[in-house]
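There is one chain below, alone, in structure tokens, taken in the form predicted on its own.
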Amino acid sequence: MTGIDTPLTRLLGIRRPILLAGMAGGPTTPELVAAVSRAGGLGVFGLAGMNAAATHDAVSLAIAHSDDAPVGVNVLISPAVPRPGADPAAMDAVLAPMRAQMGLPHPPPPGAAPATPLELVEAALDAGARVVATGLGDPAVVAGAAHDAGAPLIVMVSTVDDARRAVSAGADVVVAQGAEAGGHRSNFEVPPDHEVPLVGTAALVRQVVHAVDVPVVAAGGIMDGPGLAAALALGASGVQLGTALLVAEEAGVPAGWRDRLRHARDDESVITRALSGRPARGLPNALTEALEVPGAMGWPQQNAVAADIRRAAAAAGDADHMSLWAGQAAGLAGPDRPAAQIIDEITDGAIEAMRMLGDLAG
């Protein structure tokens, strides 16, 4: 197995400086997590919304198939983000016709309260997870548990100030999430006007590398080997991949979502609060359009109001009514293929790109 040696790989005990983004809600199956770890990267579960028992079972299953390679987990720390003018009745009026068309009860039956980030981390560590990652906030609430277990703590940030705060709170690795990245913007706080900073990956990575003394991981718009090589040239110790691994055969991603990724234009993805109440990047569809109305609520209430519709749509392969999280380079995703093949392609492509650059320097 061809490897690339960086401070990140040495810290985490992996051979390739590639992290699977902790994409909650289905994409990070035990099979995908194990496949990425077996291929020399770090497979990471997205645990948000799960309970402790399901977390323990999923992590245990991945570890059983990871050939003793490390497995990580990701939790979301975000406190509530209220939204002025929120109107649950207005949301009900929008969602009732959708539920009727899909044969779902309205209102949906109440679900169990999700576990706290600390409860999820403790369950994952008990199952054998070796790395803890966080997003959307200050990691202090789980830092002690991670370090007591000897697990490196990875924290995703979107600004230089948050990177410094992350290291002060105990981060051993910082993921610099550029504006190009799919999914939720990982700002520690969301300002009252909900206009979060959108710093591009190259600009952010270079400044974060100068600002902190821990390994930095680049995220956002990285889909292939040259992208990894570019991140390393900027001073990053590795990359975090989300969109690129949504087309892995092991990912829990419906065919309709995969097809939208492959045909996405560079200017198609949008930052929206409609689906969760926090700014996040994805491909627009009928659900985002329907929820972009007065009365939409903040995080996490807005995330919960249409959860049953998104689950039913995913089960039915209905790309119009699920969350189509994706970054700006989604069109480079390519065909469905095993996760190990994607990791091989990116590693080999990065090595070739660096050789070509070395030839230019000669």
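Start at 1 with the first residue shown and count on from there. These numbers were taken from a predicted model, which means no experiment stands behind them.
From this point on, the text means the form predicted together with a small molecule, which you will not see here.
Within 4.5 Å of some heavy atom of the small molecule in the model of the complex lies at least one heavy atom of W325. At a distance threshold of 4.5 angstroms between non-hydrogen atoms, I343 is out of contact with the small molecule in the model of the complex. At a distance threshold of 4.5 angstroms between non-hydrogen atoms, P17 is out of contact with the small molecule in the model of the complex.
Under a 4.5 angstroms non-hydrogen atom cutoff, the small molecule in the model of the complex lacks M98 among its neighbouring residues. For the three marked residues, V174, P215 and L234, no heavy atom of any sits within 4.5 Å of the small molecule in the model of the complex. Only one of A219, A129, L120, L228 comes within 4.5 Å of the small molecule in the model of the complex through a heavy atom, and that residue is A219. For the options A163, L246, L291, V190, the one in contact with the small molecule in the model of the complex, meaning a heavy atom within 4.5 Å, is L246. Partner contacts here mean any heavy atom within 4.5 Å of the small molecule in the model of the complex, and among 207-215, 181-189, 263-271, 103-111 they occur only in 181-189.
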